[in-house]
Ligand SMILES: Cc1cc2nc3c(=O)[nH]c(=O)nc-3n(C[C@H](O)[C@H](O)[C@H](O)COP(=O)(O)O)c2cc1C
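One chain comes next, on its own, written as structure tokens: the form predicted alone.
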């Protein structure tokens, strides 16, 4: 699959087959993430692949109904950006981590996998952060859901580029 096709056809999926993504495939996807652009090669991203015990702790840290949303996909990866304390560098590192997450999503799509990038509130709480081992110097960026898709979501309409693009003199 070429890059343009991957970008245009990747969709957010909320229904997955029950089998987890094989570890070696997850490792391949996280290998892709390290090629995301990052200023000064800080490589700020951190990824935690969530196992069943950790998922139980995360669900317990959340509100009622958390298990239904967190349990949609058979493979979950927490993405965070390590922070240095320099506000400008920290902002760049969060943005670099977002690029790394997108690399994972596109790589998954190219392999026939479905994905969903979420930012559940439970991972912004002290209890949720503790459940997955997020350190104080890490900014939570997203929870990646991965698995084999059930169904194929239809594309939603998007504005044309000229609606949000400006060429300046």
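Since this is a predicted model, take the numbers as computed values, not measurements. Numbering follows the first chain given and starts at 1.
From this point on, the text means the form predicted in complex with the named molecule, which you will not see here.
- Only one of 60 to 68, 113 to 121, 46 to 54, 28 to 36 lies within 4.5 Å of the named molecule in the model of the complex by heavy atoms, and it is 113 to 121.
- In the model of the complex, the named molecule lies farther than 4.5 Å from every heavy atom of residue 23.
- For residue 148, no non-hydrogen atom is located within 4.5 Å of the named molecule in the model of the complex, even though that partner is not displayed.
- In the model of the complex, 156, 158 are the residues of 130 to 169 with at least one heavy atom within 4.5 Å of the named molecule, listed from first to last.
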